[in-house]
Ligand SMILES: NC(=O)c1ccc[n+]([C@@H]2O[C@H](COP(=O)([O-])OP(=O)(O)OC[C@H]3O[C@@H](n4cnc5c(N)ncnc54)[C@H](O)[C@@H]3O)[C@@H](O)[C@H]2O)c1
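Here's a solo chain for you in structure tokens, the form predicted alone.
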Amino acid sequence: MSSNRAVAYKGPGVVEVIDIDYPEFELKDGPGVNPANVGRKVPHGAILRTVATNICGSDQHMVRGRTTAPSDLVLGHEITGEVVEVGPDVEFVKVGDIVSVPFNIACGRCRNCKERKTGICLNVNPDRPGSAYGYVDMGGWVGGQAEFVLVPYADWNLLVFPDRDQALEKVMDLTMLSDIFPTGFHGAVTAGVGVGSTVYVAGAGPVGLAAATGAMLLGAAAVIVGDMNEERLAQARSFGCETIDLTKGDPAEQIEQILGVPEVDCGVDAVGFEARGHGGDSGHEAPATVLNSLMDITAAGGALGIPGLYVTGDPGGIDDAAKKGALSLSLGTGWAKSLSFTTGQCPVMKYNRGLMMAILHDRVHIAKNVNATAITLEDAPRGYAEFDAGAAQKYVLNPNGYLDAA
């Protein structure tokens, strides 16, 4: 049996590469596994040798100790792999296929899956609708920052790339299909972005840059990205975005300098619950800042796409309310302006094939836009530390050498 190395959360600020069991077609007990899922048979699953697996800002929330994640939880929900084994119930996915794995695990059988709401599948997580690999309160499916990983419901979940050689040639772009590219695109779609739209994206991390890329792909006339990190703002400018520096104050005045009016048609929150205040308060955490700011600067009748993560359990929250995910929102502003809001996990399968085709036909270069950088699995602790410090890079782990040329 093959060995298996994986990246695990050990405690606030600490990740380590550890030895774990090679996957089997059964969900075993372990850190974060819901007891109701222990022993669950997975004859419909596939075992992948990992081609690429990315460090995500959502992982970073856990690593900072800002969730209830247990020690030794194996991380990683952004997975691209090669199929090396299939269960007896798998009919269409074949050994040797190169595949993208949507980060949200879905059964394909429940009411929500049949309605394309794969981010809130009813059958994979006993705690609540929706599941993901290597994530707290998501059922306990083992993460994919590892050499090998098990994917359930393989025929349903896996996006098979049509040509192996082409897929490996474009893998640094294609690895973004597991999460951040569909997630950012979903933020833009749910914000109502269309041809000629003006768009403000809060946050120039990888999801924000993916949202900006998605807005451009949808035909936006102007895409403005706000952040406090100049290196990340420079990355946004590198592919045609306008930018604003939130250390200089609220975005409305800076947006007016760009557009001539202090508002946009569409707003995207790519920051989430660890938001900080703007201007003189930029050093202090203020978790409702981005949402309230977006309501102020989005035109009446507009929409907010909210791919940024908000949680129901945050041990590091600034007060008792924030520790439960209860934020002080100016909902009256949203109501008065007839704004629409869309939150929650992106239903990746709704978008990933179309975005794959855009990549394969050179309509978009998402790896360049997010500054994708390949590192070894053993270098994961360094990648986490540098990403946490604000590096304008999207770290892509290379557990099995597929990315050596990258």
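What you see is a predicted model; the values in this text were computed from it and never measured. The first residue of the sequence shown is number 1, and the count goes up from there.
Form predicted together with the ligand: not shown, discussed below.
- The candidate spot formed by 57, 228 and 246 lies fully in contact with the ligand in the predicted bound form, as each residue has a heavy atom within 4.5 Å of it.
- In terms of contact with the ligand in the predicted bound form, the residue from 190, 254, 289, 125 that brings a heavy atom within 4.5 Å is 289.
- Note on contacts: among 46, 52, 355, 346, the single residue with a heavy atom within 4.5 Å of the ligand in the predicted bound form is 346.
- None of 366-374, 66-74, 22-30, 337-345 except one has non-hydrogen atoms within 4.5 angstroms of the ligand in the predicted bound form; the exception is 337-345.
- Among heavy atoms of residue 140, none comes within 4.5 Å of the ligand in the predicted bound form.
- The ligand is not shown here, but in the predicted bound form it comes within 4.5 Å of a heavy atom of residue 207.
- The ligand in the predicted bound form comes within 4.5 Å of a heavy atom belonging to residue 307.
- Among residues of the shown chain, residue 275 is one whose heavy atoms approach the ligand to within 4.5 Å in the predicted bound form.
- Of the residues in 149-183, those that come within 4.5 Å of the ligand in the predicted bound form through at least one heavy atom are, in sequence order, 179, 183.
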